[in-house]
Structure formats: structure tokens, C-alpha cells
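In C-alpha cells, one chain follows: the form predicted alone.
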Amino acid sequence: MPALEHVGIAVDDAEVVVDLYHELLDVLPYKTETVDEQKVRTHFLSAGGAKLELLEATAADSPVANYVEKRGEGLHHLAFDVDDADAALERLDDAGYRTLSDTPRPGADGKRIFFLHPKDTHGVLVEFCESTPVAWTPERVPYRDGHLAVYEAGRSDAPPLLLLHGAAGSTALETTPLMRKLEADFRVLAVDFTGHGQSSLPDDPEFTADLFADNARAALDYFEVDAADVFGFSMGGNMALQTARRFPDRVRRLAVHGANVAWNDDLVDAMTARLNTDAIASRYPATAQRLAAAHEDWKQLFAATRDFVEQLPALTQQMLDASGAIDHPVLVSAVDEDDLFPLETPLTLHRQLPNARLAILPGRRHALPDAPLSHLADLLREFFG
């Protein structure tokens, strides 16, 4: 079912209207973007589950300028989120609705959009929008003999939230979709661990929990963040806990999704099998190509990750033994039919932490992009709010 994505409001002077909503709602725009094709500058404000999009004309002949001249400032359109804009347009066209373009076109906020004629929708201009991948450019943060790639989104004065991806993953491969859903409410930082994604891969990499926790510390230092809420997915969840242990004053609250602290030999064997580069290259060439584009040297990364995975039974037992020392509020979440870890995994972690809450979401895949991200984002907003 399509969800309300944003409410579009046509304005004459965006600065004046921004001041109004700041006074009314105590919110400021978290993103401003110009869409040259439509001759409009957009200002996005968080409004709970949806957004407000202030539309300001950049030229006298723009559609928004014509709208304001004829109707004055005010409600311009309602926008609904769809998974496939092409399919939605075809369905509505077949149903007899007139669309204002033959195909979806690029819009603000990384969307593909189309509108229905307001005469067919009782005078309300209705937009349908499909989210497309956002190619954020990371900051290259100097680190040891190389650099860390750290991504930033949202307002600089919003509450800071650090996102940590999983083993052999990256921000672009895993946490970007969640980052997009949270940028309206947080100053979101997302770090690629050493050797992952756009971060440097050492000549002879040796991954440790202390190294990854120090990656998180370095990202906070660079952006001058004294303390942040931290979200970690899968291995990133374990590293979020490790960061809280190593640097307790730098972490306010924690949320870990799909993290496993009950490693055994069978799980290690299953995980190392997934990291077999020769098997991936021969059986799944498209996946190998995607990994090659995502990492500096994906085969060397996977080899170092296999070595790290073999340490996990001893490492996670140490973390369990010391879990009582983590008194930060922690939200433990997972999907109920995880295809990698059993449901007992989040229950075990929840029982071990003295100040934890538990959330089990419907889902069948461990991969974060396949999780019910809207539900997860709502949980995180409430927990970190």
C-alpha cells in the first residue's frame, strides 16, 4: 500500500516560510536541493512519518511560479511512495487517469516521479514517487597510513547517529537505505570499516574488534562529535557493543540489528563458506562484479574477513562475559525468519544486557536492505528520540 511520502507546499519566499515552521514545529530543513529541469528549489522538513517539501521557484516561468501567481501560496501536492513508478504509472493510465508525463522523470531527493492531473483527483495534485539509490560522496578521513570513508547526511545541528555496516559489507551496500530514512531526524554519519567499501585496505590486513571500534571513534573525532547514538547491523552490531565497551563516554544509546553473539563452529563454517571468493566468482559473476565495484580489493577483504570470523566464537564469548558492563540503553532487533541466524540469537543478547529492549520484525532475510526498513526506522526514531 502506498504511504504518504511528503506534502508539497508552494511558497513565494522560502526563508520566511522556513522561519514560520521553525516557530510552529521547532524544525528546520535538513536538505535543500535545486531541480533544474523543473526550475524549483526544494526545502525538506521532517514532519514525523512524512515530510514537508517547500517548493520555491527559481525562474519566473517555472510551474511553481505559475501556481503561486494563479492560486497563491499553499498546498501544492500530496506525494505517495511506491516501489515501482513505471508499474504504478501503467496501472493508473490503464485505469483512465491522466498523467502529466508519459514516463516517470527525475525529481528531488533522489526520486523518480509522476503526477496525476488534478481534474481526475478532485482538485488535488497527486504525485507518485519511487526512491532510487543515492550516491552520497564520503569524506576521506585520515586514519593511520590510509583513510576511512565516512558519509554524512542531515542537519549538522541534529542529534548525531552513527551507522555501522556488517562484515564484508559497506555503507553503500547495506546502510544507505536506512540512512536515507533517518536523515530527516538525525545528523547521520556512516563509516566504512577499514578495508571495506571506500576505506583504505592495508597491505596485510588484520581485522580485530578493537580496530573496528577505533574506526567508529575516529569518525566521531573527525566530525567533532563528543557522543552519538550508534546503530550497528550484523557484525556492525557487535562492533557497536565493542565501541560502547572501549569508549563508553562516546556512546549514548545503542541499537543492534541482526547481531549474533552465539557463534559456534557450525555458524563459523557457514559464514566462511559464504566468503569463498572462488565460488562466488564462478557461480555468481554478477555478484563478483558488484563486489569488485564496491571494494578496493574484495578478494583480499573477504580473506581477511574469513580470518576474523574464525575469531568470533572466542570474541563473542568475551563480549557476553563483559555484557553486564554495558549499561547503555540498547535496542536489540532482528527479523523473525532470519536466513542466517536463529531467532534465539537476539533473545540471547537481550537477556545478557542489563538495559535492553527487544524488537522482532517480520522478515525472511538477514540482509539489511531486505528488512522492513520503514518499521525499523520508526523504531529507531522512537528509541533514539
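Note that residue numbering begins at 1 and tracks the sequence as displayed. Everything numeric in this text was worked out from a predicted model, so none of it was measured.
The same protein has a further form, the form predicted together with a small molecule, not shown here; the description that follows concerns it.
> 100, 227, 292, 314: which sits within 4.5 Å of the small molecule in the predicted complex by any heavy atom?
Replying inline: The option sitting close enough to the partner is 100.
> Within 4.5 Å of the small molecule in the predicted complex, heavy atoms considered, which of 144, 91, 283, 117?
Replying inline: After the contact test, the surviving option is 117.
>> If we define contact as a non-hydrogen atom of the residue within 4.5 angstroms of the partner, is residue 63 a contact of the small molecule in the predicted complex?
In response: Yes, contact at 4.5 Å.
>> Taking any heavy atom pair closer than or equal to 4.5 Å as contact, tell me whether residue 335 reaches the small molecule in the predicted complex.
In response: Although the small molecule is absent here, residue 335 would stay clear of it in the predicted complex, with no heavy atoms inside 4.5 Å.
> Does residue 77 reach the small molecule in the predicted complex if we count a contact as any heavy atom within 4.5 Å?
Replying inline: Yes.
> residue 96: heavy atom within 4.5 Å of the small molecule in the predicted complex?
Replying inline: No, residue 96 stays farther than 4.5 Å from the small molecule in the predicted complex.
> Would the small molecule in the predicted complex be within 4.5 angstroms of a non-hydrogen atom of every residue among 151, 220 and 239?
Replying inline: No, the whole trio is out of contact, none within 4.5 Å by any heavy atom.
>> Just to confirm the contact call: exactly one of 347-355, 52-60, 326-334, 22-30 touches the small molecule in the predicted complex at a 4.5 Å heavy atom cutoff, so which is it?
In response: Stretch with heavy atoms near the partner: 52-60.
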